[in-house]
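There is one chain below, alone, in structure tokens, taken in the form predicted alone.
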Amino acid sequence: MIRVRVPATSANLGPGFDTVGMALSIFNELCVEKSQRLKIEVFGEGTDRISRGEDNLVYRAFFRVFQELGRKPDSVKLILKNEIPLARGLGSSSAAIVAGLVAANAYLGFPLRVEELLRLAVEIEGHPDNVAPALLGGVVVCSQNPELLCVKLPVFELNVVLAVPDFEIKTADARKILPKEVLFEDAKMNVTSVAFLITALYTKRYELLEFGMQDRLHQPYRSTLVPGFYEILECAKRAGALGVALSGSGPAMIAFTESPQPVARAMEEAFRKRGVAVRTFITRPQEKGALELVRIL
């Protein structure tokens, strides 16, 4: 049996649109074993929605490795144990893709290198800032212009609060709302914010995070999809959040803090004042990605 654990991820981290992603200590687990026919079992998040057929995203990624190697896939049983909420901005689709790729590579005796797995993951997902931290762990800085380049940075010591509202935003829909052009001043501000974000995290100058998490490229547009977005952001800051932003394309919101419980309560209350049911998660950055969390049992 092959077992893989894949962390949740937060992409577009602060101002790092399509560039900076981070792995989080919430996991999906995939177990793979030989079978007479394809069989897929799902537990946890998405139990009533995830396909049990060949169009299942985990299986499609698993099958893609066999295609890459010119191999006919074996019949397998996939057991999915999911903790990552679907379509909330926490990398559920990337976790599925990475789980399938890493499990298939282990199943076949690890023929593909890290770079090849990353390339396949980006081909399926379209963007690297979710799949790269799911695969590698840590904080990952990514580029696709023109070649794929991903650099892993170590995790930092802050707590992470996630406020996950009870509605979905599909990434494709969230991308449609973005403008084709932005003002030069907005682009300049984002470059500055990214510099301060990285400086804050890796020099422990956490007071710089309030500026370092600000964004003008995607968040002002996507914030309209989250009721009371700026009110929730301010409530989190007053409760002790050092920096707050959308997670991925939303609707989940992410906050960095040294005192997670008050921040979680504040974000939960602010959402509920808007009539939105919400779950909060207190987690931390995750150092290990799926590559280090795969086992042959």
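In this text, all values refer to a predicted model and were calculated from it rather than measured experimentally. Start at 1 with the first residue shown and count on from there.
Beyond the structure shown, there is the form predicted in complex with L-homoserine (HSE), which is absent from this document and is the topic of what follows.
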| item | value |
| --- | --- |
| Interface stretch in the predicted complex with L-homoserine (HSE) - options 49 to 57, 230 to 238, 246 to 254, 28 to 36, non-hydrogen atom within 4.5 Å | 246 to 254 |
| Residue 171 within 4.5 Å of L-homoserine (HSE) in the predicted complex, heavy atoms | yes |
| 4.5 angstroms heavy atom contact with L-homoserine (HSE) in the predicted complex for residue 17 | yes |
| Contact of residue 81 with L-homoserine (HSE) in the predicted complex (heavy atom, 4.5 Å) | no |
| Distance check, residue 125 to L-homoserine (HSE) in the predicted complex, heavy atom within 4.5 Å | yes |
| Contacts with L-homoserine (HSE) in the predicted complex - residues in 172 to 189 whose heavy atoms fall within 4.5 Å | 175 |
